[in-house]
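Only one chain comes next, encoded as structure tokens, the form predicted alone.
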Amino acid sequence: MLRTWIARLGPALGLVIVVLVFALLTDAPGRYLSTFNLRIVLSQTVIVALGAIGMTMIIISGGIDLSVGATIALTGVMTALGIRSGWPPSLALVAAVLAGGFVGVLNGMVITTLRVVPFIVTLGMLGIARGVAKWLAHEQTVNVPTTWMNDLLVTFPRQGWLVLPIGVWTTLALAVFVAFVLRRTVFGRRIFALGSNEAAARACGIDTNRLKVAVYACAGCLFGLTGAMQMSRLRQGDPTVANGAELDIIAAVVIGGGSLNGGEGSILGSMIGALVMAFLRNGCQQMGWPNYIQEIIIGVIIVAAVALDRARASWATSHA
């Protein structure tokens, strides 16, 4: 019971500590904790949070995806190219989601068909997707005309009653939906079973190969949506964007209680982990610290989170 409560409260406690530390370090704690800054942080969290929803599914299933950042860049460029070519923004958005899903299907099929570990497959896909993005964009940014998609992540939406950007509400809705799917549906329970013990899941009659492809495909669709959000945030498609975003996204899932061994994780924990990353970056910016300081701190947090995950797994094994 103690271990369960620590697992549940640990990510939230970490978020509180990060917020309090930077509130005390900054010259104006009231500004750091203000509603204005909170809205900024929530807008900045969307990219990592959306990616973390998909990554949570993959990590629970016992996999990993290093191609997230490249997929975000690719689908962002495709969204921009579609809008610039005169497509309706909604069609460009759907195309981005489907393209992300296609990348996920390719990852899943190579993993299951060739029996190659996910780390290697998705590392290769990282290069492929990034290269295709640069090819489509002719190695330059793709500017787009003004449409409603430009307002998805604007800090202060034109419709005052929304309070928060449409992208934030979309992320919250998807988080609730995917959390429900993971905890309350047969598909979700099978994902946990796959990550906990693949051989046992197969013995129970679960088509593990098909399930892996489905997981990577669903996550890919979320990564495609993330790419469209990134395009909205930048107001252009950039083939070099989101370089290293996979580290932030994986870190958010692990900080939130996800286990790299598979079988453990939650959407709520991953959302808290994404907020930790966002408040950390926001605090560093308000402190005026250079970017390399932010990268060092985030690197330390990633190593600490993985070490904690390993320690937790060893503790569970020794007390089994």
Partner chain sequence: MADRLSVTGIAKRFGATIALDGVDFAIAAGEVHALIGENGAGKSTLLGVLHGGTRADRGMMQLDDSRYAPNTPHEARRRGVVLIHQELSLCAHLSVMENVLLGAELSRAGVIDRRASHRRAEELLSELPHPEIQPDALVRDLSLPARQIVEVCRALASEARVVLMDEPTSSLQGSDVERLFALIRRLASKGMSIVYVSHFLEEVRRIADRYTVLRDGRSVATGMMDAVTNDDLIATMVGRPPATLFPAGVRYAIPQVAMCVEGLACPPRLHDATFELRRGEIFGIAGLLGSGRTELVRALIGLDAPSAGMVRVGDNDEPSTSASRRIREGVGYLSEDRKGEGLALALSLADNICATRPEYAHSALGILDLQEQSAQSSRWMSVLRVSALGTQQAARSLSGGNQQKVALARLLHQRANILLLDEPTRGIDIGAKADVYEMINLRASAGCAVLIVSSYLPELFGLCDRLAVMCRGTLSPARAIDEWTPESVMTAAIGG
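Positions refer to the first chain, counted from 1. A quick note: this is a predicted structure, and the numbers were derived from the prediction, not measured.
Separately, the form predicted together with its partner chain exists; it is not shown, and the next lines address it.
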So, in the predicted complex, is residue 143 in contact with its partner chain at a 4.5 angstroms heavy atom limit?
-> no
Look up in the predicted complex whether residue 130 has a non-hydrogen atom within 4.5 angstroms of its partner chain, and give yes or no.
-> no
Just to confirm, residue 263 within 4.5 Å of its partner chain in the predicted complex by heavy atoms?
-> yes
Does residue 160 make contact with its partner chain in the predicted complex, using a 4.5 Å heavy atom cut-off?
-> no
Residue within 4.5 Å of its partner chain in the predicted complex by heavy atom, from 135, 180, 119, 156, is 180
Which of these residues, 150, 236, 208, 196, gets a heavy atom within 4.5 Å of its partner chain in the predicted complex?
-> 196
Of the candidate stretches 160 to 168, 212 to 220, 108 to 116, 182 to 190, the one with residues having heavy atoms within 4.5 Å of its partner chain in the predicted complex is 182 to 190
